[in-house]
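A single chain, nothing else alongside it, follows as structure tokens in the form predicted alone.
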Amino acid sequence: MKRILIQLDTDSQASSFDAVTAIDAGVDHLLSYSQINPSNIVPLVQGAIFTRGSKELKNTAIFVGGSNVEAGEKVLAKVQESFFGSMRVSVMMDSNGCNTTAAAAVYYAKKQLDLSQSRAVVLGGTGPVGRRSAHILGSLGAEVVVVSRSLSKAEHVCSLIDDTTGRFTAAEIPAQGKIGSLLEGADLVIAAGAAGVQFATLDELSACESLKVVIDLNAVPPLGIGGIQSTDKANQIGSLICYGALGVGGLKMKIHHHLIEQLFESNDQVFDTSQIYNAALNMG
């Protein structure tokens, strides 16, 4: 039986990146839908679960994407709410690559640090990848500073991730040249901002004596951290171990392909942040 992946994208155009990745992962047929939200999704889910017998439903799966993480989370919740009994299919949520990229980044950070004893600063922490990176880091016991141009947005993300453990602190991006004020006691910096936003340079970061690892997830010049190359992968630059977007991206793509394949092993799997990070641990 043909393996069908239903791509549900919250944006006005379904992501070509997600479509190509699905095809490269071996999907037989890809059905792509855009402008998806909780109010229009139920007929699409019903079309997925009522067209094949329960033993055949493992051959249908759903992928939730788009650029907005919160919108993707709402769609994922509505998809799961629409299932009942054995009438369900496996589903993966990776809006804007948030989960797979964050999982790969934290995997590499964990290779270099005991994250349960680390302080991490996530620049661009309210974006799709930054938010998920902060989530995973906190789940591993790290103290996490979520940094944004808007303090209120950073505070909102901290409360959404977890407002009870005390591991998450919100901060606003300081004036240019003042990045050091955020780095006191930091072991790790992850830059996960939008394309074209440079937060700091390696020279500025090197002034922080505690800092050990820097990961920049922006592949579009100017990069998020000046002095890092996108191809860096555990490269020692001065006192810092550095990773660039392409250095992380190979594992990100490996995780993405693997999980698309895994969706078709049964009809009851849900791949969100923690499950995708666990996949990274098994594959890195």
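Only a predicted model underlies this, so the values are computations on that prediction, with no experimental measurement involved. Numbers for residues come from their place in the sequence shown, where the first is 1.
Note that the form predicted in complex with a further copy of the same chain isn't included here; everything after this is about it.
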remark   = As a check of understanding, the residue in 51, 68, 231, 235 with any heavy atom within 4.5 Å of a further copy of the same chain in the predicted complex should be identified as 51
ask   = Quick one: does residue 266 come within 4.5 Å of a further copy of the same chain in the predicted complex, counting heavy atoms only?
value = no
key: in the predicted complex, residue 55 touching a further copy of the same chain (heavy atom, 4.5 Å)   = no
ask   = Looking at the partner-bound form in the predicted complex, is residue 19 within 4.5 Å of a further copy of the same chain by any heavy atom?
value = yes
query = Any chance residue 13 has a heavy atom within 4.5 Å of a further copy of the same chain in the predicted complex?
reply = yes
query = Even though a further copy of the same chain is not shown here, does it sit in the predicted complex so that 73, 165 and 173 each have a heavy atom within 4.5 Å?
reply = no
task = Just give me the residues of 217 to 244, first to last, that have a heavy atom within 4.5 Å of a further copy of the same chain in the predicted complex.
result = 219, 220, 221
